[in-house]
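Below sits a lone chain in structure tokens, taken as the form predicted on its own.
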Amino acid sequence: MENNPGLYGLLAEFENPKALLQAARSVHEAGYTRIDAYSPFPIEGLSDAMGFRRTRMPLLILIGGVTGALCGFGLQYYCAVLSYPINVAGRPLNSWPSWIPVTFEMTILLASLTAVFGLLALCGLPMPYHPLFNVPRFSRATRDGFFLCIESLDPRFERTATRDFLAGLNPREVLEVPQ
């Protein structure tokens, strides 16, 4: 791996979504892992072509939901049994059926908050600055541009070899992205 000071990566622009999809598949098969693709609309199969198949979001949401359920039930148990026990009509202090609505609501609340903040954290958001904004042609990514970026932090990244590899995928242009 070369030392690439001041270089974020290499950006290749492609003609259409089909070319971008094929290029992403080729880049992934070549062993590059620090890659990302940008297009003005979703392209079916692009995440699979880049090797993005697993996420930790379901596990995070499950943990948030279970934590919410335990907190909701635990709070009611503490209040009704330990802190302020009141015997109403001879019912037991631990009358859990009446606690189901609050427990359910706390489950949903913490699971949804975990989903929102977990997604933001895993995506690295908010990100007011990104090095790709230094490339003038990248503004076309929201209109009619299809881009593939290989970051210089990738273990297989070598400036000239990676540039030659991307050029072999028939892009419109291969650009260096300054840090």
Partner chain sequence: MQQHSADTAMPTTVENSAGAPPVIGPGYTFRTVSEKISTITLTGRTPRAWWLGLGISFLLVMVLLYTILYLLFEGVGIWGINVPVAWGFAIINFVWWIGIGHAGTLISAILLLLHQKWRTSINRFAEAMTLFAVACAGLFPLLHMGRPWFFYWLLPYPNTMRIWPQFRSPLVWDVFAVSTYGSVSLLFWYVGLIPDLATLRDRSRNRLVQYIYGFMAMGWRGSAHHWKRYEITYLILAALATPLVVSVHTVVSFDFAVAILPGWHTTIFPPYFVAGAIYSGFAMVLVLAIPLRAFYGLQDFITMRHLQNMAKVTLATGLIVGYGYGLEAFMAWYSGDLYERYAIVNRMFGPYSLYYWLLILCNVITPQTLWFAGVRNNPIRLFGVALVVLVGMWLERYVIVVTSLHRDYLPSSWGNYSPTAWDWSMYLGTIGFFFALLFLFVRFLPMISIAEMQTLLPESKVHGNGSSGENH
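Every value quoted in this text rests on a predicted model; they were computed, and no experiment measured them. Positions refer to the first chain, counted from 1.
The form predicted in complex with the partner chain exists for this protein as well; it is not shown, and the discussion that follows is about that form.
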*Within 4.5 Å of the partner chain in the model of the complex, do we find a heavy atom from each of P17, M50 and E105?*
yes
*Contact between L113 and the partner chain in the model of the complex at 4.5 Å, heavy atoms?*
yes
*Is A37 close to the partner chain in the model of the complex, meaning a heavy atom pair under 4.5 Å apart or at it?*
yes
*With a 4.5 Å heavy atom cut-off, would you call L122 a contact of the partner chain in the model of the complex?*
yes
*Closest heavy atom of L46 to the partner chain in the model of the complex, within 4.5 Å or not?*
yes
*May I ask you to list the residues of 56 to 87 that have any heavy atom within 4.5 angstroms of the partner chain in the model of the complex, in sequence order?*
M57, P58, I61, L75, Q76, Y78, C79, A80, S83, Y84, I86
